[in-house]
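Okay, so we've got a single protein chain in two different forms coming up as structure tokens, structure 1 first and structure 2 after it.
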Structure 1
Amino acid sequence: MDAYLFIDFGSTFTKLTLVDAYEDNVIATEKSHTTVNNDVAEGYEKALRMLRKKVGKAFNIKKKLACSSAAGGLKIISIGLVPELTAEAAKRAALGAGAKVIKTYSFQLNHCEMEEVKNSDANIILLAGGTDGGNSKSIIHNAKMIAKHKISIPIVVGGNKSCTDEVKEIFGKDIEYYITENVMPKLNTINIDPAREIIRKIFMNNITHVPGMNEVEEKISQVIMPTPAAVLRATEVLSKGSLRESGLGDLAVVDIGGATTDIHSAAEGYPIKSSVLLKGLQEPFMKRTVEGDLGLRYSAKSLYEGSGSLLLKKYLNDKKYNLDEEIDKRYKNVDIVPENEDERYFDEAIAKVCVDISMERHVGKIESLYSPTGMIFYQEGKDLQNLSYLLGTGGVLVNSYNPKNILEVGLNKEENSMILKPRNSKFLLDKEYILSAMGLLSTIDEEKAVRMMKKYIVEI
């Protein structure tokens, strides 16, 4: 039996998905705790042994591909000029590469900010600023500050191309840097794919810093992308389809984790009404947002502190809990698994808060302004009101008795709302936890990936 093996090195679990090389079937899945602090090879080998035992017969692995978010995944600092423009464009490029943006800076950096950058745990800095032929003062100033403070992590330069030669001269041989195309070459026009590809390559080169990853890489074909990038790719392929296999059309993926809640949307998001004008930075068809303060475990405390008790109580439907105690228990014991109905119910209430707030932050909004000719309406961000599908993934959804009940919170049921959440989407569930594996499979066989997602992702 010939098969493909797809590995997802997560911060908590290493997940294996074995796929038949010729039939559109998942042969088996297995997982084991990621042993990131000691040797990731241990967790991988344990999961592989359990997988072989589960399959119960010999199989030939034609190709092994992996994605990884082990050791916290890929962390990026983005630096731009104007917060709403080049800084935001840089942030989107980082998010599109599967990174978590831990800080965004704008304008000319000061020494205090540079110390923050130097003492952070970022893996990459994305340096942008100015349209092509536009402002050059800020990006040159910030390049000089990076050189002066001897920043030792890779710098991806995606700003005003007129400054490229001077930036190269400033960095010289002391700074590791990569020049790519401007993330915002023209006002309100983004160009994030080149920067995204450079970031992905740097991630691949540096993933071996995780203990044991060198040993694992000798046994597999390649670690090719961060896990969020694999999910984003799967989302895009499922939406657009392939040459001979139709996709599902507009959709969004809600990925609820212990530390973050990620939203991936595949949709143009143009205004539905002709009377509404677009405002701000151009939105990409594939958009990813990461909410680092919304999660079930690592971010439970920040979620509670940020949203307050009222929203959580709303989703608990007046069931009595000691909120402080329950939140603290999850924050301090990130591996905790619900053992009874009460614990599951509380987890699902937290998940609803995650879906509610993260969807509101992801979608666009309508602003109304008075003018001499009457009221004018502006849309900033994506209009997802007519979104066809909302697809859920993540342990809390997969293990829920009623995942639809959690995803429904992402819809907008209010009339005439200025928040452009989906209104009548159908609900899908990644029941077999295959999205990241399908993102990897799409790099080998796009059509097979589309067919398998349409087969295994279920409507709820």
Structure 2
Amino acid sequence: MDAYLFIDFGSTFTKLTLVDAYEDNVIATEKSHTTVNNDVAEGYEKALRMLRKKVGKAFNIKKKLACSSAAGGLKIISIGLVPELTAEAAKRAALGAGAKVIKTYSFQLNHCEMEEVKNSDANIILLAGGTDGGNSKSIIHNAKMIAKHKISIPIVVGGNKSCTDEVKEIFGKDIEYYITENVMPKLNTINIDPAREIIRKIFMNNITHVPGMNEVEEKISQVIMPTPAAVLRATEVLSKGSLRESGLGDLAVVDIGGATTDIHSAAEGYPIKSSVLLKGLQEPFMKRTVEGDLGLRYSAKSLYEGSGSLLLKKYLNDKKYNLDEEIDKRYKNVDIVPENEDERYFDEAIAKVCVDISMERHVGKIESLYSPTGMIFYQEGKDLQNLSYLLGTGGVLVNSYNPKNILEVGLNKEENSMILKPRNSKFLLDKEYILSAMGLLSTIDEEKAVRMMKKYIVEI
């Protein structure tokens, strides 16, 4: 039996998905703790042994591909000029590459900020600033600061093309840098794919920051992308379809994790009504937002202490809990799984808060203004009111008795809301937890990936 093996090195678990190379079947899935005896390789070997046992008969692995979010995933600092323009475009490029954006800086950086950059645990810096032919002061200044502070991580330069030669000169041989296309070549026009691709390549070649990963890389073909990039890719092919297989159309994926809640949307999100004017930076068709303060474990604390505390009470429905204790328990033991109904109920209430707030932040908003001609409406961000599908992934949804209940929170129930959340989406569930594997599969066989997702992702 020929098979593909897909590996997802997570922060806690390494997950294996074995896919039949000819039939559109998942043969088996297995997981083990990512690090066993402090070693990623051993965790992987253990999972593989368990997988072999589960399958019971011999199989030949035709191809292995992996994605990883181990050791905190890929961490990027983005730098731009104006916060709403090139700094935002750079941030979106980094998020689209599956990175965790640890901080975004704007304008000309000072020494304090550079110290911060230097002391951070970022893996890559994305340096932007200026449209092509536009502002050159800021990117040149920031490049000089990077050189002066001898920043030792790779710098991706995606700014004003007119500055490329000068930036190269400034960096010389001391800085590892990669020149790519401008993330905002013209005013309000974004161009994030080239930067995304370079970031992925650097990630692929430099994933040595995870202890033991080098060894694993010799055993498997290669870790080709960060896990969120694989999920984003899966979302894109499921939405658009392939040459022979139709896609599902507009789609958003909600991924509730322990530390973050990610939303990936595949939609243009243009205004529904022709009277609404669009403003602000252009939205990417594939948009990913990451909420670092919303999660079930590590980020349960920030959720509770910040924007989510009132909502949490609402979703607990008056059920009695010692809130501080429950939150603390989850914050401190990020590996715990619910053991009884009460714990599960509490987890699901947190999950609802995650869905509620992260959807609200992901979608666009409408602003109204009085004018001589009456009210006029401006939209900033994506209008997802007519979104066809909302797809849930992540343990809490997969293990829930009623995942629909949790996803429903992502919809807008108010009549005249200015927040452009979906209204009548159907709900899908990544029941077998295969999205990241399908993102990897799509790099070798897009048709198969679409067919398998349509088979394994179920409507609920």
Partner chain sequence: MQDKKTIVLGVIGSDCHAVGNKILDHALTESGFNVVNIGVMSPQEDFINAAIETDADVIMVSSLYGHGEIDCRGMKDKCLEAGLEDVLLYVGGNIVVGKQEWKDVKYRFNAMGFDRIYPPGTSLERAVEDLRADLYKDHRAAV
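Note that the structure is predicted; figures quoted are calculated from it, not measured. Rigid core here is just the name for the largest C-alpha set that superposes within 1.5 Å across the two forms. All residue numbers here follow the sequence of structure 1, with the first residue given the number 1.
A.B. asks: Between structure 1 and structure 2, which should be identified as the form predicted together with the partner chain?
C.D. replies: Looking at both copies of the chain, structure 2 is the one that matches the description.
A.B. asks: Under a superposition restricted to the rigid core, does S274 display a Cα displacement of 2 angstroms or more between the two structures?
C.D. replies: The answer is no; the displacement is under 2 Å.
A.B. asks: Tell me whether N340 is among the residues that move between the two structures (Cα shift of 2 angstroms or more, core superposed).
C.D. replies: Superposed on the core, N340 moves its C-alpha less than 2 Å between the two structures.
A.B. asks: For S371, what C-alpha shift in Å is seen between the two structures once the core is overlaid?
C.D. replies: Value for S371 between the two structures: 2.6 Å of C-alpha shift.
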